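Below sits a lone chain in structure tokens, taken as the form predicted alone.
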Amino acid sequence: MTQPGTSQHADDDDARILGSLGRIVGDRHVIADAAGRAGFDTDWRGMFAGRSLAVVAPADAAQLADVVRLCAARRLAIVPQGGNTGLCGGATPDTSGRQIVVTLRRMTGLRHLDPEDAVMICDAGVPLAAAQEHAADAGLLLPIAIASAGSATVGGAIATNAGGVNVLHYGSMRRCVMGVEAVLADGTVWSDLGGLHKDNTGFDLSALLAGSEGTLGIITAAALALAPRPSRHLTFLAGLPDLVRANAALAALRARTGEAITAWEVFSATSADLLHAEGPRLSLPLARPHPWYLLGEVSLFGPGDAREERAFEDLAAVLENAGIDDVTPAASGSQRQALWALREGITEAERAVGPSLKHDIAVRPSRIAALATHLADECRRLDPRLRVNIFGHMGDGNLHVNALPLVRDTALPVALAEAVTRMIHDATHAAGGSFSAEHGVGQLKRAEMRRYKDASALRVMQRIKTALDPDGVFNPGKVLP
């Protein structure tokens, strides 16, 4: 039973906390009203909605460290948030009203960019697209390419180990990280921004924080390895009778060319139908329809028409030998953009028909063809009306398997959705794969961690969490089951 005055006492205590936060970051950088918090308390897909006590925007690592110490002393949990573009609810607070959302959107400085060493040091709140522009201004490339680059931040991309279309050649975000600065649970500001390619002096703490989804520390800055910018691209769209040929062509091209194969994307006939009928309403520039489509790109570096001609000959020979005969190459920069608009428009076209049931799986690339066929067949067995949109990153083994609504603008029935997800994840696990390739775990997939993750790995992760964050200040209820 609530005692008289208890509610007033709680309100007074909250007011004192908000006042203390305001003294650290400035009153106008503490958002406590429901309307102001709304965009931070809900994930962008609208799947998760929480209620934070406040949203706090520190200006730098020192202010954040003070915020962390205050929250730890008052037993308030902290939910770090970058651009709030995650797909698994990893940056959404719970409904208790006892969690603080920390947004790093004020921390957008470019601290250092060295073209000679090809390293950039920037604050964690820099939008990924802005970081890419900084690199381009120096004649270099930050190669992480994700659809949400305009909103996603560098810190968020590191915390979730973002992937994207270039992982085949450049790797995921963790591979670009040369070191980070972070605030730990005791308020310590730990920094490893030396930009060294080699530092074999113990545990790689920066790599540990990458992919931890804000559960071990809050990344405030990063040293990022940059790459040379390609001088030209060979980009093409091809129709496929099956995915086996896409994988065989990739292996053959790797063996034949010394150039960088930077993308090998596939999508299904369902994707093509959606592109034509929904959202952007785009048609494929091919002679005929196909069960599958391949969007590939080879990046060329340095001058030389002879090199481009040889790369084109290699590509043409590989596709011909694989029996891939309906091919459209990009003859200009605008045609390249048009081909990439097809791949990038799939999500928008899918969203136009209503809420889809999304899955982000990974297996060895050689197993993708069999698994994709199996998943499509099993979905039809569960419900003949079910349409499955399969697309993704063939080169690194990552597919998105999304079940479309049976009724437009209406989510799938709960029982069917649960059966589809269980079937997809069970089949992926049986094929030696992962239920989360690039989207992370967040709160959406915590139960899957217990079901599929090795028990000894979970115990080690929990020990690491306890060692670095013994009081559970950072992002409770995320990742670990």
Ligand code: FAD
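Keep in mind it's a predicted model, so treat the numbers as computed, not measured. We number the residues from 1 along the sequence you see.
As for the form predicted in complex with the ligand, it is not shown, yet the points below apply to it.
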Practice item. Flag this candidate site as yes only if G239, V298 and M394 all have a heavy atom within 4.5 Å of the ligand in the model of the complex; otherwise mark no. Key: no
Review point. Given that the partner is absent here, does G156 sit within 4.5 Å of the ligand in the model of the complex, heavy atoms only?
Key: yes
Check your understanding: Looking in the model of the complex, any heavy atom of A91 within 4.5 Å of the ligand?
Key -> yes
Practice item. Find out whether any non-hydrogen atom of W44 is located within 4.5 angstroms of the ligand in the model of the complex, and reply yes or no. Key: yes
Point to revise | Contact of H439 with the ligand in the model of the complex (heavy atom, 4.5 Å) | key: yes
**Study point:** in the model of the complex, the residue from I324, L141, A225, I146 that sits within 4.5 Å of the ligand by heavy atoms
**Key:** I146
Exercise for review: Work out which of L113, L87, L205, L319 lies within 4.5 Å of the ligand in the model of the complex, going by heavy atoms.
Suggested key: L87
Study note, to complete from the structure: In contact with the ligand in the model of the complex (heavy atoms, 4.5 Å), from 272 to 280, 244 to 252, 197 to 205, 211 to 219, is stretch 211 to 219
Practice item. Between 161 to 186 and the ligand in the model of the complex, list the residues on our side with a heavy atom within 4.5 Å. Key: A162, G163, G164
